[in-house]
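A lone chain, given as structure tokens: the form predicted on its own.
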């Protein structure tokens, strides 16, 4: 098959490169960043000059894009995927999206005879690189089964969670939980710091006891070293949590925890930390108490 991959940045790039390495498919890439394109073409992919050019020649078109608005522009806008992909080609969106946007894009694709899977991923850049990310897929089961080998070529776990919209729902709920865990970890580690306990020993307890989570692990690792280079940027985390809160509002679920985490993120972004790792929210506590959690 000929696979088109649009958006080969921090997450899309590693996933695309795993497709190149692990399959015999011909791969064509498009991105606005020449350096990101080169990382893929150096492995054997070719590059397209536009979304339209890419979409016209591919059997499967994949997108990995930062926001729902950009997804809609690239897929349904002038010169986009729906306008240029041939009927029968399959569209797969790996972006973190809102269920409503996923459904709108699906309707646009369906009108052109293009089956769609929404397939957001979880695991961050490190797991995108080593091919162990989790993919949660919404779409019809026949299209899912047809594309499962392709999805498995760059992931460790693929779960078909239901129709279009359910993939986004699963991703937003998962991320909301991870962000809440991370925020609780920041508060807990600051408590440990101010109590005077050996933070390495506290960390050993938590990692082997009931307080452990991936959110805690990332928070402790980053905070102890004072290194907040983004594996998942705070700006992106803020976007994902905002989408999760919108979904909760649509479903009538009261927000007692996640809205407080959103306020913590807003404070951190107000401190200019949006480009740092999402774990940089701990700096809100550090700034307020004039004490750093380092070990």
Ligand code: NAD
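Residue numbers count along the first chain shown, from 1. As the structure is a prediction and not an experimental result, all values here were calculated from the model.
The same protein also exists as the form predicted in complex with the ligand; that form is not shown, yet it is the one meant from here on.
At the 4.5 Å threshold, heavy atoms of residue 57 stay clear of the ligand in the predicted complex, well away from it. For residue 70, a non-hydrogen atom is located within 4.5 Å of the ligand in the predicted complex, even though that partner is not displayed.
Using a 4.5 Å cutoff between non-hydrogen atoms, residue 293 does not count as a contact of the ligand in the predicted complex.
In the predicted complex, at least one heavy atom of residue 236 sits within 4.5 Å of a heavy atom of the ligand. Screening 105, 92, 89, 121 for any heavy atom within 4.5 Å of the ligand in the predicted complex leaves a single hit, 121. Proximity to the ligand in the predicted complex, defined as a heavy atom within 4.5 Å, holds among 116, 189, 74, 182 only for 74. Screening 264-272, 26-34, 244-252, 39-47 for residues having heavy atoms within 4.5 Å of the ligand in the predicted complex returns a single hit, 26-34.
Residues of 231-249 placing a heavy atom within 4.5 Å of the ligand in the predicted complex, in sequence order: 231, 232, 236, 239, 240.
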